[in-house]
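The chain that follows stands alone, in the form predicted on its own, written as structure tokens.
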């Protein structure tokens, strides 16, 4: 199944975001994932895209696999480059503010206990991909909810680069999400294997993860 883009609707007011948050919560309850084509508020999507255009490729670094000190580079598994969002830019702050509202809504509706959020810009150059994987390890309280927003105007069917979410472990047929401008994907990090198919043009997104607080006396997690 392929989720195709559609034209944005509404005027992207706070009320529209609240409706989107409600739809995401309902979807997560029903099936564990939510795909919303062209749903990111237009002003926010435009700000993020303009900021990306102003960034230098030198600000991006090859993405690794694993966590913290265990992270390694493996270009056979993933070939994207990333730049972490710290809130230093106006566009980054607006994105973090918007996801904070989403966090509050989902905690209120679903009692998820989401505690923190980490996020980065991702660039997939022509030919780049990310093999099938999970965003969190089973039994570890780290990443709970994955969020991806796409920033690619005029994406065509032949451009590749689809996100594929597999509804069941071992499934060979997945849900394909076109990375069109403003499309938003949210899914439970531990439950859904997914991959990014090879892209045939530059592909940009913002990816983030909501995490719970699993700190102990010996370790801060999420890191401070």
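Bear in mind that the values here come from a model prediction, so they are computed numbers and not experimental data. Positions refer to the first chain, counted from 1.
There is also a form predicted together with a small molecule; it is not shown, and the following applies to it.
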- Query: Even though the small molecule is not shown here, does residue 95 get within 4.5 Å of it in the model of the complex, heavy atoms only?
  - Reply: no
- Can any non-hydrogen atom of residue 85 be found within 4.5 angstroms of the small molecule in the model of the complex? no
- May I ask you to state whether residue 133 is within 4.5 Å of the small molecule in the model of the complex, using heavy atom distances? yes
- Message: Quick check on residue 17: any heavy atom within 4.5 Å of the small molecule in the model of the complex?
- Response: no
- Report the stretch among 142 to 150, 85 to 93, 111 to 119, 98 to 106 that approaches the small molecule in the model of the complex to within 4.5 Å, counting heavy atoms only. 142 to 150
